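Structure 1 and structure 2, given next as structure tokens, are two forms of the same protein chain, each shown alone.
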Structure 1
């Protein structure tokens, strides 16, 4: 009991010193709790379905931010990774009879290979040329899907996959826990030495090269990591919907991911995740007005981007927190001095 008490005190001290010091961290903690304990309050199947799909697309949006937001490699064909993960998981499940817990990670690995296929020819491209080149890859893959309908199912896709789990509640916890875990991993990657190098590549690639860092390796790493996480989301989607079709490769899917990321705030990881949890349920809510659904959705996005160009979540964070000009540590907006270096914040 004494050892348990010591560990509990350490956890409490860590929680009080790392979580309770900033409003944004408290919000993230509450977000975790709400998602994990929501089924205790309600197990409405429609609500759980919306949150399952939201969690899957949150992984996809965060993976785009990991690549395009942090390294500046603008990817307008991110649906390629999603589609590769979905089709790989589906085909392995149907033909090799690999269960979801095996086919989904293999779908992620296939998306890593797709990331390398895209990354290698795009290493020397930047800006508009890079964006248009990445946009072409999912279109090419869709053409291949239509060309071999005996394997891919053509326009109808691949159906009849194994269920993700035996119940909707289990589906919910699998996707939510994976989303929270994978997004946390992506955030930790961006907060590490690798993330700093990603930042540097985005800001000044030439300076990074002259400092002796292998930019090619880190670019390929960014494409591979982004592809892996997007492939995992594609595999989850395929097994939850029990189908993998051309819709996973559509251009509209790629641009929807970009909208989510920009709406929530790029170069944050949490921004795209929050945006998906705002916009995807909102789009479902607008189904009550089918004639004006897309119009209302577009108006919401335009208003946010007009008045909050850096994204809604960074805007909210800047309203409730201040960054210390000396040590760059964030503080509650009501503080007059920094909580670390005691420098004035006004």
Structure 2
């Protein structure tokens, strides 16, 4: 009892000091909690399916933010990484009989290669030119897919893959835990020293060069990391749907990722994740009015972006929290003084 009691108390103190002090942290905590314990309440197959797909796309949207939000390398062809991850996992599974726990990481690695392949020609490009060039890559790959139907299955895709796991419940836990883990890792990266350099590259590349930083290396690192996470999500998708088809490479897929990220708030990681968890189920919900589905969807996004140009999650966060003008620590909006330096919050 003694030892356990001490540890429990320690954990509780930590929890109170680190999580309960800020509404945004409580929300994140609840988000973890609800996702991890939802199956205790319901194991509705349809609901789990929606949440599995949502988790997969949340990884994808966060990986876009890592590259385009943080590092400023505007990628309008993010579907490339998703497709490369999906096709690699599918082909390895089908022909080499590699189980999902091997084929999905290998799909991620293949997407790292794809990241380097598009990263290198994109090193010299910026802004609109970069966006247009990146847009082309998944289209090129789609051309290749259609050109060698013997291997890729052409329009039909590669089907008949092994299941992610033996049941929907396991599928759920695999994807949700991976999503929570990978997004935490991405957030940690952006919060690290590497993240500062990524951010600085977005602000002013020349000034990063004159700070003695090898910009080429860091840009390629951003492309590779982003490719890896997107590739994992592609592999997960292929195994969950048991098919990797050309739809994973479509232009609309690339744009959807951008829409998610911008809607949720770029340069945050949590923004795109939250956005997918709002928008993907919402789109499913709008199926009740099939003829208006896309229209409703577009209206929601336009309204949000019109009134919350920085994305919905940062907007909400700014409403419930404010930054201390002196020490820059965030506080609950209702507080009168900063919780750390007790400076008055205007």
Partner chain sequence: MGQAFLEIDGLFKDFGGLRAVDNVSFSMNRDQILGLIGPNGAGKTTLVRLITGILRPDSGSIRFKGKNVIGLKTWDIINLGIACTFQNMRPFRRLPIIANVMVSCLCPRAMKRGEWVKRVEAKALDALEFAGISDMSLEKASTLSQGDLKRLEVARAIATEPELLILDEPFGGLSPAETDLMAKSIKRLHKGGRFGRLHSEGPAMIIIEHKLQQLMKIVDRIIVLNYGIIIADGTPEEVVNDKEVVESYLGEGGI
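Here, rigid core means the biggest group of C-alpha atoms that superpose within 1.5 Å across both forms. Residue numbers count along the first chain shown, from 1. All figures in this text were calculated on a predicted structure; none of them were measured in a lab.
Review point. Between the first and the second structure, which is the form predicted together with its partner chain?
Key: If we ask which form is the one predicted together with its partner chain, the answer is structure 2.
Please say whether, between structure 1 and structure 2, the C-alpha of residue 25 moves by 2 Å or more once the core is aligned. No, its C-alpha moves less than 2 Å.
Shift in Å of the residue 10 Cα between structure 1 and structure 2 [rigid core superposition]: Its C-alpha shift, to one decimal, is 2.9 Å.
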